[in-house]
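Here we start with a single chain on its own, the form predicted on its own, put down as structure tokens.
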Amino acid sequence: MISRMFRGDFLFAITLLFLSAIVAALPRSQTDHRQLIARGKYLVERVAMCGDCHTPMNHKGEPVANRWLRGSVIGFKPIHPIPDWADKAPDIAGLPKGWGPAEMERFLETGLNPKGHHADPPMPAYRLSVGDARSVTAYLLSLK
């Protein structure tokens, strides 16, 4: 009697686990995706301030709106020489050339690019959470 009940509970638990895995694999709703992009936009524009380096500036020092995050010459230099200082920030709208979402998320979570190296300064080595890295990636992809 007990083993029969246990077997029923066990099968029920396995079925729930299986159904949970299926639901987790389903694509997110449009609302969830819009919220993900909105969170990414907030992080890019208001927290990390990516546009300061990755967007060209006009003669007044204002970002050129139609070139948002399309790459730019970095408009400042260190007072003292810093090895491997980058003179240009790459185009990150739609993701850098040759990068997929997994590479961008890993970069934002670990600070390591697809080749396993840190970005050249002045790019900070971000250590975002998985959710924030996914949000930033979704926002950048939305800029294709």
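From 1 onward, residues are counted along the sequence shown. Keep in mind the model is a prediction, meaning the values are calculated, not measured.
Missing here is the form predicted in complex with ligand HEC; even so, the following discussion is about that form.
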| property | result |
| --- | --- |
| Proximity of residue 49 to ligand HEC in the predicted bound form, heavy atoms at 4.5 Å | yes |
| Residue 101, heavy atom within 4.5 angstroms of ligand HEC in the predicted bound form | no |
| In the predicted bound form, residue 131 touching ligand HEC (heavy atom, 4.5 Å) | no |
| Proximity of residue 88 to ligand HEC in the predicted bound form, heavy atoms at 4.5 Å | yes |
| Contacts with ligand HEC in the predicted bound form - residues in 121 to 142 whose heavy atoms fall within 4.5 Å | 122, 123, 124, 126, 136, 140 |
